[in-house]
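Quick setup: one chain, the form predicted on its own, written in structure tokens, and binding and motion questions come after.
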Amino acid sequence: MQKTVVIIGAGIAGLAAAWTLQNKSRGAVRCLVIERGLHPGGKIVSERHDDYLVERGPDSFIVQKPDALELCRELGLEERLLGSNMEKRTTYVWSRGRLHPLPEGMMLVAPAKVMPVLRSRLLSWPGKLRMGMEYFIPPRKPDAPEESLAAFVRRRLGQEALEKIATPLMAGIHAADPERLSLQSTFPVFLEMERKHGGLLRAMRSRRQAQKKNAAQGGRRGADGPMFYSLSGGLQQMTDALAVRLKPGTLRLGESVETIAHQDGRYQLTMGDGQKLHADAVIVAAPAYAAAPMVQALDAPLAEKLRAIRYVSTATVSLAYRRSEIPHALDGYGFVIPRTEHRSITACSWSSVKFRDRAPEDRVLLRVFLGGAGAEHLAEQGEAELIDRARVELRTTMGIAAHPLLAVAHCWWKANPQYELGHAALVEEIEHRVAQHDGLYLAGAAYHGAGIPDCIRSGKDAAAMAAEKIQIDRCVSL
């Protein structure tokens, strides 16, 4: 008898789960994807506005984690893969009334080279000396309590490195408060560098030596390809390709799941219109706060723990200008702004510099970011207010006084999960509760990574577990 798996949520995690199940089951599983919205893809939204390509949500994915790249190849999108600009990779930081280039060779907060840091005007001389002292600071004991991003960077590199580099770059990625952001759950590589080498400077020195040795033996000296990839027609091509390749009847848009319950060894889902669905397995790929009321009657402690994962709102504003109207050289990917500067925006990505074919040759497409932890009110505004605020900030930071040729804004309400201190333990507790319900699985940005590759991996893993459970059930029934 054909088994049924219901996936709740048609973001990239839910679509990846459906795609994986469809491939693994070879027709033995009926898969349904229930999506409250009218379009699949979640936060991945690409729009054409005349000759401009606007990404309302994420504009790229990192290649360090291979899942997104592999999925694009599975979907036949390899020829549309588009690497980020390798010639203009500088990131700027707004400080003391001007844009300063981040010192060359920085691995987020870890400096790979000494001279670029010494020459930089971003940091004061006391700040530079404090960063240099990191070499002599001993590592923490293995049994020490969990540290926030702020505590780690302050301890190893000092307050100025935290304020001008770590907070806008690292905490900015997660739209988070650095004092509450768990380093263990977001940037564990730095903990590993401290554990293995004794510190960040020592680890970067060891890395350079290994690269030189590798180069001397005829290998590559280091990563020589793009760090970020997108698709020539926008990231939505990936989610569109997934949706199109699912079997007819798999996607059910504009529908919602209210509750999940056990009934006669299966799951019963009550829909928003009162309809009942029955499933052998359920994958919940909705945000944690949306999943909580669904499982409230099934497992109240699980629902409580899901609600404990905090989310914050952010907004993006895309603005197009004539190149001649922008006084900056635009020789990089954009700039970030430390919180200590007290600006209304957190960053600006120079989209048409980062990726080609985002704007006509004599035009420039910029993307401004607002909101995040402690500043959600700035994101939760109407489109006109968001555009006005972004224009004011660009006039100050980049000297752009012209009226934009294109202006598009979007608020992502409660779209960014916060990996705060204790996140790993909380997720472990959630997964322990979920494991008590055979055939129930979670996927999405709230648990083990919020990036596109992380979400794809979570969807694929949940699908693999569901497929394994159903296969076991089939063997028992035979």
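If you're wondering where the values come from, they're calculated on a predicted model, not measured in any experiment. Sequential numbering from 1, following the sequence displayed.
Another form exists, predicted in complex with a small molecule; not displayed. Remarks below refer to it.
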property: Heavy atom within 4.5 Å of the small molecule in the model of the complex - residue from 378, 170, 294, 102; result: 294
property: Contact flag, residue 52 vs the small molecule in the model of the complex, heavy atom cut 4.5 Å; result: no
property: Proximity of residue 404 to the small molecule in the model of the complex, heavy atoms at 4.5 Å; result: no
property: is_contact(residue 60, the small molecule) in the model of the complex, heavy atom dist at most 4.5 Å; result: yes
property: Contact flag, residue 230 vs the small molecule in the model of the complex, heavy atom cut 4.5 Å; result: no
property: Region of this chain that lies against the small molecule in the model of the complex, out of 253-261, 148-156, 129-137, 73-81 [heavy atom, 4.5 Å]; result: 253-261
property: 4.5 Å heavy atom contact with the small molecule in the model of the complex for all of 178, 421 and 426; result: no
